[in-house]
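Before any questions on binding or motion, here is one chain by itself as structure tokens, the form predicted alone.
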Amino acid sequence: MNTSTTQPAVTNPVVGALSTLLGDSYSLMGETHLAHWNVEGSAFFELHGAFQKQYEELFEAVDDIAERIRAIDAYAPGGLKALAKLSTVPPVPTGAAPAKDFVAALIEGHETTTESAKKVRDTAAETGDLETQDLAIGRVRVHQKTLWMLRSYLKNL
């Protein structure tokens, strides 16, 4: 029985790009959940609910991304340490912070994750993997819509 916890080297560029997207999406889910818990102020109810919808959507997305990795005959990375190493999503504030700071941090996280999804889209296109490209296009669309909403919140503050 092999009890090794190390991941095999990724040689498929689509799997590599999907793994990064998985790490970024998982991290963004955690950061959004943290913002959900800690946001305060006059916009609490509005943001608390919006952040919950966002982290719930991301929870489903990470499952879809990991299952796509499996569908193309690779193993999905997992565990908090492994996924954290794959992610470049910046953290949201911890503790007390103005609501706008949580929103601004999540904007950065969605921008980072959008770029990861675009990398998957482009890599999948180069290899003719239309199914993975479709998944990535859907992720870009979700992140762009979320960015529009988060940026709209910050206008005129």
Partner chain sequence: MSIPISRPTSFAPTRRLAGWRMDAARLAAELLRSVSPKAADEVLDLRSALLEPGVTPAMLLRVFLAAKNRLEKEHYLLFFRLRRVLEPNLGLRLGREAASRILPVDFQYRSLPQMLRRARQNLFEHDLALTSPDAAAVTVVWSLAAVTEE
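If you're wondering where the values come from, they're calculated on a predicted model, not measured in any experiment. Residue numbers count along the first chain shown, from 1.
What comes next is about the form predicted together with its partner chain, which does not appear here.
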Lys118, Gly128 and Gln144 all contacting its partner chain in the model of the complex, non-hydrogen atom within 4.5 Å: no
4.5 angstroms heavy atom contact with its partner chain in the model of the complex for Leu34: no
4.5 Å heavy atom contact, Pro98 to its partner chain in the model of the complex: yes
is_contact(Ala105, its partner chain) in the model of the complex, heavy atom dist at most 4.5 Å: yes
Contact of Val92 with its partner chain in the model of the complex (heavy atom, 4.5 Å): yes
Interface residue in the model of the complex among Glu46, Glu111, Glu40, Glu56, criterion: non-hydrogen atom within 4.5 angstroms of its partner chain: Glu111
Contact segment among 84-92, 56-64, 120-128, 22-30, judged by heavy atoms lying within 4.5 Å of its partner chain in the model of the complex: 84-92
Partner contacts for 29-64, taking its partner chain in the model of the complex and a 4.5 Å heavy atom cut-off: none
